[in-house]
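This document starts with one chain, in the form predicted alone, laid out as structure tokens.
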Amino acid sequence: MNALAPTAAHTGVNGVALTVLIVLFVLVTGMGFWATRWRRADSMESLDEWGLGGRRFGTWVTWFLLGGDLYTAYTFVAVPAAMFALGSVSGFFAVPYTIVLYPIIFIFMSRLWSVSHRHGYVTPADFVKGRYGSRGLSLAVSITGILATMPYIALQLIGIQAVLEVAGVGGSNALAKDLPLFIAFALLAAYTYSSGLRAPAVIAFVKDTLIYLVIIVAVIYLPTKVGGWDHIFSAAQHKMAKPSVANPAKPTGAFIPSNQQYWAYATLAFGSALALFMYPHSITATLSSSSRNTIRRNASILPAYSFVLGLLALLGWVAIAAGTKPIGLDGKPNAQLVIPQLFEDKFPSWFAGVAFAAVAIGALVPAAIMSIAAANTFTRNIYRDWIKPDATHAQEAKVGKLVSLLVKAFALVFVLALDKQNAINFQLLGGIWILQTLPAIVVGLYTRWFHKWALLAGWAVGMVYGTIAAYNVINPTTKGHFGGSLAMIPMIGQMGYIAMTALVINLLIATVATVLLKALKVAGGPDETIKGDYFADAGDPRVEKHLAMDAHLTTGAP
């Protein structure tokens, strides 16, 4: 993964930085528990209140919530680490990916909000069930959502672990190293259980304030300390051109993508953009907003985060120019530590503590939203649909709270079991799985042409192909499986993001199977949605489900 040679472990505790980190961590933990009183509901005993915050969030709360949802430890730890270790193809693709993302939100998500608002859908699997009349397809979408969320939550926990390790907390043995992570996990689990989606919504204000403060100071101050941007780019170009330690026949990474890397860069960016809003947590934040236009307004102002992401990514190259050595407490090189280590090396301890807190809190907010979204999905689409169809709202809320705890525990398994040297793979692995739900969700917002059994067949083939292809990617340094997310694209002969290849195969299978099933006159399931559902807004009389109210809306596909 990187060219760092092992060196002596840094075992000292940065007392000032650690104190600042703990104070801010305790502050947001208190806010997390207090959040249950914010916009207090008559009762928290329903998924609408616990899991969607009462569906009453306006433009600014939604902006902070979506920002907290989308800009995570992936942004603060994994992307700069990928830039530091492997260069632009592995790291900077995230910038065009978040630029492409917002038109997708503007076009697709407002339709999903409208139909979900009218029918009371809480999860994307709810929509699939209503649209195709298929519990099996809904189950496939919900299982995929939960599975894909696990490595994404794990990535957040790795971000917390990285700042704690640089601050000197932990030890070389497994228990001491992971104990602080378990404590942070327990606090996160406790206030998520009690406050639901209100907790990350409140904490997101603190998170974004810290993030913007740290980034603005860093991009102004650090280049002057390491010789300016010209020196930074020169140092990065020099490092990326050096022979790789794992394979001396290849360069370390890419400063600017070559012709042979265009497919990899483009498919990573476009595939990640398409995948992001298939995740249950992205849709949870969207559905918690108060109106259809709130989604559109956020699609217009959220690109401000993309600017910050670009600056954050470049900090990976700033660390190269600064000579940062991200060495863990076990004495081994670990690129995931590079941004916390850069701040510890170049800033006073108190400001390093603020930066550590920004990264840690920046991981807590999305981890909370993700676990709530996964819990909503399990409760609505597995517990209620398959285990207890007559569950009350209170029983659903109780199950959702308990599952949110289990989801975090399973995410810890990913942290402990998978290779953490290239943490960005955690997010890309989830993307391979979740992108296979796109035909059922996004295409379903516009047409019901695909047959439900064809969609299920396409999903199954895409999932199997994507998982096997990702498993067969071996990390050249650690020799572990799931070592990357790029593989040769069949027929094209270029490296590309496995998720996009799997999606194309998925769509081909679904198309051919639909033609066959329709030729055989196999009946599809009933569609409980109507054309007007996809345009309904808050205050619109059409949000009151009444199929006979507006006859002209009941004809034709939306």
Partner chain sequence: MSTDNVVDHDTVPPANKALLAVAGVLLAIPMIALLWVGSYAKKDPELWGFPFFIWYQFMWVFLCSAMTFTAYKLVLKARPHRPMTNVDSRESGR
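The structure displayed is predicted, hence computed values, not measured ones. Between two forms, the rigid core is defined as the largest C-alpha subset superposing within 1.5 Å. Numbering follows the first chain given and starts at 1.
The same protein has a further form, the form predicted together with its partner chain, not shown here; the description that follows concerns it.
With its partner chain left out of view, the stretch that reaches within 4.5 Å of it through heavy atoms in the predicted complex is, among 484-492, 204-212, 467-475, 93-101, 93-101. Although the partner is absent from the chain shown here, none of Asp126, Asn334 and Asp390 has a heavy atom within 4.5 Å of its partner chain in the predicted complex.
Proximity to its partner chain in the predicted complex, taken as a non-hydrogen atom within 4.5 angstroms, holds for one residue of Trp449, Phe106, Tyr193, Phe410, which is Phe106.
For the candidate set Lys398, Lys346, Arg135, Arg296, a heavy atom within 4.5 Å of its partner chain in the predicted complex is found for exactly one residue, namely Arg296. Val354 falls outside the set of residues with a heavy atom inside 4.5 Å of its partner chain in the predicted complex. Contact check for Ala186: every heavy atom lies farther than 4.5 Å from its partner chain in the predicted complex.
Its partner chain in the predicted complex comes within 4.5 Å of no heavy atom belonging to Gly323.
Not displayed here, its partner chain is approached by Ile256 to within 4.5 Å at the level of heavy atoms in the predicted complex. Fitting the two forms on the rigid core leaves the C-alpha of Gly532 displaced by at least 2 angstroms between the shown form and the other one. Superposed on the core, the two forms barely differ at Lys346: its CA moves less than 2 Å between the shown form and the other one.
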